[in-house]
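Just the one chain here, laid out as structure tokens, in the form predicted alone.
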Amino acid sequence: MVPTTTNTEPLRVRFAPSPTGYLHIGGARTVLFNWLLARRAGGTFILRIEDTDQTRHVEDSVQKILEDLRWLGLHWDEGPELGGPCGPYFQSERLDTYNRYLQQLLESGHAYYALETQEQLQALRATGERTTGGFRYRRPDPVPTVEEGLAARAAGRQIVVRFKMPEEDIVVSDIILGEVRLPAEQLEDFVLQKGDGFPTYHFACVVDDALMRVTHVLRGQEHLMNTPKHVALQRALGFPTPVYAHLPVIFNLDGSKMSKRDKEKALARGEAPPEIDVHDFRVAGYLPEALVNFISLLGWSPGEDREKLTLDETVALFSIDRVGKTNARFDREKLLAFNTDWATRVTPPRLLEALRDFLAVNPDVPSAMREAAEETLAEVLRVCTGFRTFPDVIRKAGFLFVPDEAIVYDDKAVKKVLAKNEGEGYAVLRKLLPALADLADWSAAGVEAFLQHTCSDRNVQLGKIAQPLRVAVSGTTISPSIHETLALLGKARTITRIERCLQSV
């Protein structure tokens, strides 16, 4: 089911992040569901930047968010860099608009200047915590006049403007959760404009949703308690109320909420931080196709036990009535399985493009690999089959792009393969070296035929020859098949590495 509005407005949805860093995976799921709904209905997907909280603004965050969205393949129809009929799309550039509607609320009696100082509010909060276990702002009686508020500001005080909440229950109609009622006694007069003159999230969001003609608001359930405030404010301003759909929250498998603080906690424990932001998964070597496919199933089901879907297939199947109410669980092993599968499903040119992107955002990979020719990287991907994420490719074939003199020999590999049985592996290398130096056909097929012939002549299994060669050229026991490895490394570099290995004895 694609929900429709009660008027003739075409469907318009928005994603409105605050520029506080890279895009969180929960935000990515919200973007995706909005984007899917717009594409399914032939509507418009708007990107709006909510940058009115100057204390939380992080430098370059907007570009990071835009880059994350492009990497996921979720392009916006109106917003930054594109513009559109309802711009500007940065809230910090819309202050005159907010001030105009603030004046309307003050004049109509729906808003008032609140004159309490920060010290007074802190005292009230402390008293509330002591006596009732929580703080709820109580409207002053009588409320300050506009003249009193302006006079306080003229005197240099940072005075806020609050909205006068109606003394009645607010009912939110949600197409996922049904009717949600917030009793009047739980409502309080909230701030519309902060002391620095910037609007709060609640005020700017309501004004922008109306002026940008947003018909449907899809956001996480953590915003549900904000919605009654927005509905009351819409009524006071004479704005239409959009269709609301609050999406299930994403949790870790242990039931804890996925939070950026998870990374800080892991680092404090001396552990590798988990992927939380979209950029984390990009740097970790996941394919955007796999990540988008996976997060589309966090709270939504296409039915018929289907899971592996392209973005186009997801658009065709997407409907709000298949979004559940219960919280979603982020299963990282399942995501790894998805990524392993997608690495075999995408075309070789697309896989190569994705590898190039991974190399570009990882400064620690061998520079020679970033600079390698397309044909070389394509061959590496061809021989590194079955990998889960791109770091597996680096672990398996990164040695090909390291200078010969920089190869570091793993102690365990040397003891197990080369030095064991009185240097049996070293002896194998000494016997192989002249024959390899004389080998004319250094193609993968030529090397494979040579090794098979050598095994037959010596009546040994391939491993007895392949493993010493593998340690000599890679420093470890891990590489692609040995004939493919030597062919990719080249004859001269193979001989150089074997000689260096033997000199290390």
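Start at 1 and count along the sequence shown; that's the residue number. For clarity, every value in this text was computed on a predicted model and none was experimentally measured.
There is another form of this protein, the form predicted together with glutamic acid, and it is not shown here; the text below is about that form.
This chain is displayed without glutamic acid, yet in the predicted complex the stretch 218-226 from 175-183, 373-381, 218-226, 358-366 comes within 4.5 Å of it by heavy atoms. For the options Ile295, Val214, Leu233, Cys205, the one in contact with glutamic acid in the predicted complex, meaning a heavy atom within 4.5 Å, is Cys205.
Between glutamic acid and the residues Phe330, Phe190, Tyr201, Phe198, the one pair within 4.5 Å by heavy atoms in the predicted complex involves Tyr201. Taking the partner from the other structure, glutamic acid in the predicted complex has no heavy atom within 4.5 Å of any heavy atom of Ser481. With a 4.5 Å cutoff on heavy atoms, Ala16 counts as touching glutamic acid in the predicted complex.
In the predicted complex, glutamic acid lies farther than 4.5 Å from every heavy atom of Glu448. Glutamic acid in the predicted complex comes within 4.5 Å of a heavy atom belonging to Glu50.
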